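First comes one chain, alone, set out as structure tokens in the form predicted on its own.
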Amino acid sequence: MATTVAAEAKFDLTLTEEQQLVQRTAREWSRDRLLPIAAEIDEQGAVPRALVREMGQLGFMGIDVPERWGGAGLDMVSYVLVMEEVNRACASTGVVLGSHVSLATAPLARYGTDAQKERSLIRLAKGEWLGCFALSEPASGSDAASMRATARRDGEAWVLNGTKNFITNGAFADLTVVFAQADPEKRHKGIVAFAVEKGAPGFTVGKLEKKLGIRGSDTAQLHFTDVRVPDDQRLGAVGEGFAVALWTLDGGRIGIAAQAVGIARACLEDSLAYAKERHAFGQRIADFQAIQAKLADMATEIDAARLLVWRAASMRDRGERHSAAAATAKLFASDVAVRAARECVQIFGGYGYLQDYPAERHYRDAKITEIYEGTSEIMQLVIAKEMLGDASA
């Protein structure tokens, strides 16, 4: 009998002292260092590398990486707590952090050899290196199994050719987790994953995209032209690349869901502050029931989204199957973020349409959470397949 996704899953809502400390540290740092310059980061289109180094010093860049490999050795719940706080202040910085942690350090920590971890993971976890994840291509986004990038075995190395699209951190990453097809006839079972370092001959950065939101993070096209990659830079077994990508994306979706909660919370907190200050018809607009209803709905939906994120994170921490839980969290939280952003602009009124106020930035930043690391429509498919008992979901 089909059941609701992860209906039997149980988790403790009480944060440990360590998790509370992580949350408090992230909140204070984000409030003091990020929030004052969030608009500037958006306008200038760049997150200062100094901020990335600071996040490394705080342990955020390797938060769930074992201490042996330079990380903080904390859990996924701690990671989503950090993600919410950082994204409440600046979604551009949030996606730089999220792409690095969820999509670069995570697969290296799980699938990398000790030699690979010694060479790369320690630097990534400390924030000395920045990482990115190259799966999407110009002709294949959601249908990753149709990728055209190729990997040809040549002795003790592989030769990579192809183009990757929409790569967050792509322009500045020191290490790229890249996927290529070694056997097209096998489709997803022929894909291989590699850890490719910046500066490899034939590996170049192409077009930098101009975006609606999260403008402070770079989104680049990456080109691979006869790039020779030693076999010892392969992640996982030959043909295991698609499984590496799916496992990585499950964690990435939890991170994006936490990002969406952070953006939605920014919308609520900024709307609440503005509603208390703005007067119309002789009273605060916060005293109007129409505004109160909007604020109440935002608060309720954000709490619900946060609980879904925490559930998915705790399931991953316990080593449980969590693909559908991650998809559920991302689907709902991203929808909540977009609605909260729309209501935020509405509450600010005409000022919400101006760059002098944060509402329009939240509105632009929120939309991408419904698209990257799996569109909302793909999330629905993942959830439905789990409900129908499709083990390949």
Ligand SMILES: Cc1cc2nc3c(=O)[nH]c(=O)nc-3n(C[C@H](O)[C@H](O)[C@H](O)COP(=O)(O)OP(=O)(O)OC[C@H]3O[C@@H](n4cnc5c(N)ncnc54)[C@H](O)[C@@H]3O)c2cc1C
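Owing to the predicted nature of the structure, the values given are computational and were not obtained by experimental measurement. Note that residue numbering begins at 1 and tracks the sequence as displayed.
Although it is not shown, the form predicted together with the ligand is what the next lines describe.
**Student:** On the criterion of a non-hydrogen atom at 4.5 angstroms or closer, are 60, 82 and 130 all touching the ligand in the predicted complex?
**Tutor:** No: no residue has a heavy atom within 4.5 Å of the partner.
**Student:** Applying a 4.5 Å heavy atom distance criterion, does residue 47 contact the ligand in the predicted complex?
**Tutor:** Looking in the predicted complex, residue contacts with the ligand do not include residue 47, since no heavy atom lies within 4.5 Å.
**Student:** May I ask you to check whether residue 292 falls inside a 4.5 Å heavy atom distance of the ligand in the predicted complex?
**Tutor:** No, residue 292 is distant from the partner.
**Student:** Applying a 4.5 Å heavy atom distance criterion, does residue 375 contact the ligand in the predicted complex?
**Tutor:** Contact check for residue 375: yes, within 4.5 Å of the ligand in the predicted complex.
**Student:** Can you tell me whether residue 371 touches the ligand? I mean in the predicted complex, with a 4.5 angstroms heavy atom cut-off.
**Tutor:** Judged by the heavy-atom cut-off of 4.5 Å, residue 371 is in contact with the ligand in the predicted complex.
**Student:** Quick one: of 178, 313, 124, 214, which gets a non-hydrogen atom within 4.5 angstroms of the ligand in the predicted complex?
**Tutor:** Filtering the options by heavy-atom distance leaves 214.
**Student:** Ok, 102, 323, 78, 219: which has a heavy atom sitting within 4.5 Å of the ligand in the predicted complex?
**Tutor:** Exactly one residue meets the criterion: 219.
**Student:** Taking the partner as it appears in the predicted complex, which of 283-291, 315-323, 197-205, 135-143 has residues with heavy atoms within 4.5 Å of the ligand?
**Tutor:** The contacting stretch here is 135-143.
**Student:** Are there residues in 158-195 with a heavy atom within 4.5 Å of the ligand in the predicted complex, and which are they, in order?
**Tutor:** Contacts from 158-195: 165, 166, 167, 168.
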